[in-house]
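This document starts with one chain, in the form predicted on its own, laid out as structure tokens.
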């Protein structure tokens, strides 16, 4: 039967695994509605992942093969986490004033699935180090795994691929422009006056062809509009579609213009909000890494 090292390895792995899951959960606040029930759900899944990881190596060493088989079966169930998140966020998206978009939601679902695997891997290292060494080695392995998870879960944000600055909002007849980029036509004088008084515009200039290709993705632009509206508020209701934040691309230069009618009219915070929007995995492309892409950019 398993002895004290087994219990110590499991305890150490579970504690460190759950702590890491709680830490990375807080980083999702802007992307995911971390209400109390949502936090409880993901901490519970993190606990299960930590138990699976922490027991794996000690169970093998103690020749508890039945337990290992059961744990391998349980680990496959984490593939359903992505589906659970996707379905829930798609349902929530239908009632939002500004939609996240399918690409943004898929990215969030992938993150939540991957972070359970990170917890499992961390607990596996901690449990193994504790079983073969002692609690000190277990905590040392946990710290190394924590630093690794920080690096792994860090992604690019918009300010790393583009320069963001204020753009002048103006009209030419009924056409709304941000600088020289046409956004849309607005036929009602009252709506045009609201835009002139309340709207803010930004210009997003890609730093290179990689950034230009990424900003051409419609899902990435929807993510920018969603984050800006979520952080600054939106002067819009369900029946005022004309105040939806819109992004349009200059086909010649690759620049993207955004116009938004926020509740908090502060251009500094709007620029900061756009800078911190995550670059979506599904949108990020790197044509400059290929020889053809580099030659075409010359």
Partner chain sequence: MGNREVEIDKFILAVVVEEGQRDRVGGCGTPVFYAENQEEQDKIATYLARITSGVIHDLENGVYIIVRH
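Residue numbers count along the first chain shown, from 1. The structure presented is a predicted model; accordingly, all values stated were derived computationally and were not measured.
Note that the form predicted together with its partner chain isn't included here; everything after this is about it.
- Only one of 144-152, 213-221, 182-190, 113-121 places residue heavy atoms within 4.5 angstroms of its partner chain in the model of the complex, namely 182-190.
- For the marked spot (91, 238 and 242), a heavy atom within 4.5 Å of its partner chain in the model of the complex is present in each of the three residues.
- This chain lacks the partner; the member of 135, 102, 157, 207 within 4.5 angstroms of its partner chain in the model of the complex by a non-hydrogen atom is 102.
- Note on contacts: among 196, 84, 140, 174, the single residue with a heavy atom within 4.5 Å of its partner chain in the model of the complex is 174.
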